[in-house]
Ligand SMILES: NC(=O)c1ccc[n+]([C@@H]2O[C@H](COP(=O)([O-])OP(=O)(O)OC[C@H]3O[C@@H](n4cnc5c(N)ncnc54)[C@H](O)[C@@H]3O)[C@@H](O)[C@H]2O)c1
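Just the one chain here, laid out as structure tokens, in the form predicted alone.
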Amino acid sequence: MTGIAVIGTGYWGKNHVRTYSELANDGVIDNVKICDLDEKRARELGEAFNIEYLTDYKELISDPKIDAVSIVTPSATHSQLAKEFMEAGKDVLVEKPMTMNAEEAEKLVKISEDTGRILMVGHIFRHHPAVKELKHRIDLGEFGKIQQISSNRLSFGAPRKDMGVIYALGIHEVDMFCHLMDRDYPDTIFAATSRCLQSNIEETAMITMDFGGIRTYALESWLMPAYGKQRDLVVVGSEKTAKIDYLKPQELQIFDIRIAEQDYDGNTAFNVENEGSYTIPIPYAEPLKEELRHFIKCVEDRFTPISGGSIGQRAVVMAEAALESARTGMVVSFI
């Protein structure tokens, strides 16, 4: 059995605590602790879930009952915390973005390799049931040749002060597009951003990635009040199209529609063949719980996570490239 500690009990850290508590109640792990600099917050959460809490993460480093940690602290602290715990012999799940620059990400991957510790990054959508179903069907060739992928991640709220939408939101898309296309990197990446409220924080970004002529588009924004909270993904293929609403992990929409090309006496014509649409039901599974179950399995069985350190590193490299493209107005090439 495995002992886990959650470091950081803010908005997303609370979800880690809740989920690990449920897994402990199910007998999947046998020990959970939480740590936060804010003693009041740690105490309240500890009492709510009947979990031991502390305020100094260094106490966990030498704790023999803790095998692994979830690091859910501000992103700027990820690198140092992950380094300390891996060097102390603990396995690590670090939330995305893995680090705030590619150099730090590379160093963490090297530490993981040198120490033999598990390093997993919280790219949660790789564990989303509808995404897993979509990926399976793409790999089977059900959609034909992929022609285009697009995603919208929109909301309306106060922007963050530590990072803009490319690191906070777009990092999901740069990883997901590569995942669906079975590529480590795109051929090129181009981004355009806008800053309305803070001079150094982009609130909106359009990220375009090219995979050998196949284009992907990601629109990220905190300044879109017209749509509520929108999280969707559309994959257009030569035979079928799929749509995922990330907020509905239990379904995958399929559109059996295509453009057919025909030749009339040497003249090319295009016709729409529409055989309707349908929804594939998927057994419900909470993406975060799937992710944490996977992490625990990796810790216990010592295999590489599907969102391991190299995946997180590549996502940071692409986020940096997107920011560089937005700054210069130039395409960034990976070939």
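In this text the structure is predicted, and so the values were computed from the model without any measurement. Start at 1 and count along the sequence shown; that's the residue number.
Absent from the display: the form predicted together with the named molecule. The rest refers to it.
Scanning Thr241, Ser221, Ser75, Thr208 against the named molecule in the predicted bound form with a 4.5 Å heavy atom cut-off leaves one residue, Ser75. Between the named molecule and the residues Ile282, Ile61, Leu37, Ala48, the one pair within 4.5 Å by heavy atoms in the predicted bound form involves Leu37. Per the 4.5 Å heavy atom criterion, the named molecule in the predicted bound form is contacted by stretch 67 to 75, the sole one of 67 to 75, 197 to 205, 107 to 115, 243 to 251. Taking the partner from the other structure, the named molecule in the predicted bound form has a heavy atom within 4.5 Å of a heavy atom of Tyr57.
In the predicted bound form, the named molecule sits beyond 4.5 Å of every heavy atom of Asp175. Residue contact check for Ile214: none of its heavy atoms lie within 4.5 Å of the named molecule in the predicted bound form.
When the named molecule is considered in the predicted bound form, Ala5 lies well away from it, no heavy atom lying within 4.5 Å. Contact annotation for the candidate site: Arg183, Pro287 and Ile311 all lie away from the named molecule in the predicted bound form (no heavy atom within 4.5 Å). Contacts to the named molecule in the predicted bound form (heavy atom within 4.5 Å) from stretch 9 to 36: Thr9, Gly10, Tyr11, Trp12, Gly13, Cys35, Asp36.
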